[in-house]
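We begin with a single chain expressed as structure tokens, specifically the form predicted on its own.
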Amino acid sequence: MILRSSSNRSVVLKMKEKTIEKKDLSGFIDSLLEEYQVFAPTIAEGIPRFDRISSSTQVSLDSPKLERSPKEVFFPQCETLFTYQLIDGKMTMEEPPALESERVLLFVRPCDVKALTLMDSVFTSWEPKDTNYLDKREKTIIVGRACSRPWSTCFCTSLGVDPFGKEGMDLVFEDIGDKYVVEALTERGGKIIDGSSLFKDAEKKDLENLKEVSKKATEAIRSELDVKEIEKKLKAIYDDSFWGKVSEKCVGCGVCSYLCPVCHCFDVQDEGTELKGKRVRIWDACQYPIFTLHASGHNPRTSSRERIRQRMMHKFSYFIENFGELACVGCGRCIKGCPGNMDIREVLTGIMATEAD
């Protein structure tokens, strides 16, 4: 095993692949629960999502990709930033305590792990860093699961994401039928399988099957988009009539932002009285009419035309300017969830084909 340091993780450069029989997976998960808080794919109230589990029986592996992304494990929909209380004329404030133990996030798809690395740029690049988010990220081991059954709405490969990619993972499980090929990618990932009798050295035929499954998964993604020059194109058509046509389908519900594994807009509100209360952070969306409403009453984005444009500019222009990458991983959730049948692939194709008015 050869190790090198990368950020806060030790990256394993060379480690022999292992396998685990699917029938032994529950035993592996239950062993994790003895030492870690574990978050995994579940079905809660009929909705596939990542949630904390207490037993391997709660884990659902049937869905090729969950309707809801794992971003809320690190960036909850509603989160208390601090509480405050006035006692004897003195104001006291208390922040939530740091996590006491490490956590494991199980079976995350490559597109969602890539999305987490993009979220890292947002919450840790500025000063002061977001300690709530950073604490959760640093204390969570990411166990990925290669995407062998992409959705019909997936277009990750057009954005440089591989359905069998390993970026940002500590450990990855790759489905080859009756077993998984397991690769430890960091020291922390190796730690949770090291010494377990459930994992065996992978055989040559296992690795050959893995190559075939990976090839089929990539070929199953039919959508091919050319977005190489999209940043320049967006700037050229900023005032184009194109945005009015595109926005006709948008009902302003914000589901695209809430389902997106990269979207990170939020609002901050105080709840309580001048004597006692808390400050909370809640998800917000640029598709909402009051998202940019000023205290003066002025709103620079009064129609869905401006709001749709902002969403696309943020993802495919502003984010590149700030962090050098696209703020989209091609997961297709926004396509599946949109009640107006808006397809971001069609929007991107339209942008690239539009000549400025």
Partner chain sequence: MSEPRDQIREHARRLLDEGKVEVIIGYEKGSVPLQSTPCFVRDADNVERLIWDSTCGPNLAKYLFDREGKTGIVAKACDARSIVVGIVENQIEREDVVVIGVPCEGVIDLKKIDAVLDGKEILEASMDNDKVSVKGDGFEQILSKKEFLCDSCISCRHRNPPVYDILAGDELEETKESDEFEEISKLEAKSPEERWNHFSKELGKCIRCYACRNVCPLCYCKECFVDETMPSWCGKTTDLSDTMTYHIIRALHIAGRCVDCGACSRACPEDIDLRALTKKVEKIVRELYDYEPGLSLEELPVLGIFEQDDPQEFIK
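Numbering follows the first chain given and starts at 1. Just so you know, these numbers come straight off a predicted model, no measurement behind them.
The same protein has a further form, the form predicted together with the partner chain, not shown here; the description that follows concerns it.
*Options 120-128, 268-276, 205-213, 168-176; stretch whose heavy atom lies within 4.5 Å of the partner chain in the predicted bound form*: After filtering at 4.5 Å, what remains is 268-276.
*Taking 4.5 Å between heavy atoms as the contact cutoff, choose which of Phe28, Tyr36, Phe319, Tyr288 touches the partner chain in the predicted bound form.*
If I apply the 4.5 Å criterion carefully, the residue I get is Tyr288.
*Heavy atom within 4.5 Å of the partner chain in the predicted bound form - residue from Glu138, Glu248, Asp194, Asp239*: Only one listed residue qualifies here, and that residue is Glu248.
*Going by a heavy atom distance of 4.5 Å, is Arg68 a contact of the partner chain in the predicted bound form?*
Yes.
*Does Ile20 reach the partner chain in the predicted bound form, with heavy atoms at most 4.5 Å apart?*
Judged by the heavy-atom cut-off of 4.5 Å, Ile20 is well away from the partner chain in the predicted bound form.
*Would you check, heavy atoms only and a 4.5 Å threshold, whether Leu61 touches the partner chain in the predicted bound form?*
Because no heavy atom of Leu61 falls inside 4.5 Å of the partner chain in the predicted bound form, the answer is no.
*Would Leu99 count as touching the partner chain in the predicted bound form under a 4.5 Å heavy atom rule?*
Judged by the heavy-atom cut-off of 4.5 Å, Leu99 is well away from the partner chain in the predicted bound form.
*Sequence-ordered residues of 324-340 touching the partner chain in the predicted bound form, heavy atom within 4.5 Å*: Stretch hits, in order: Ile335, Lys336, Cys338, Pro339, Gly340.
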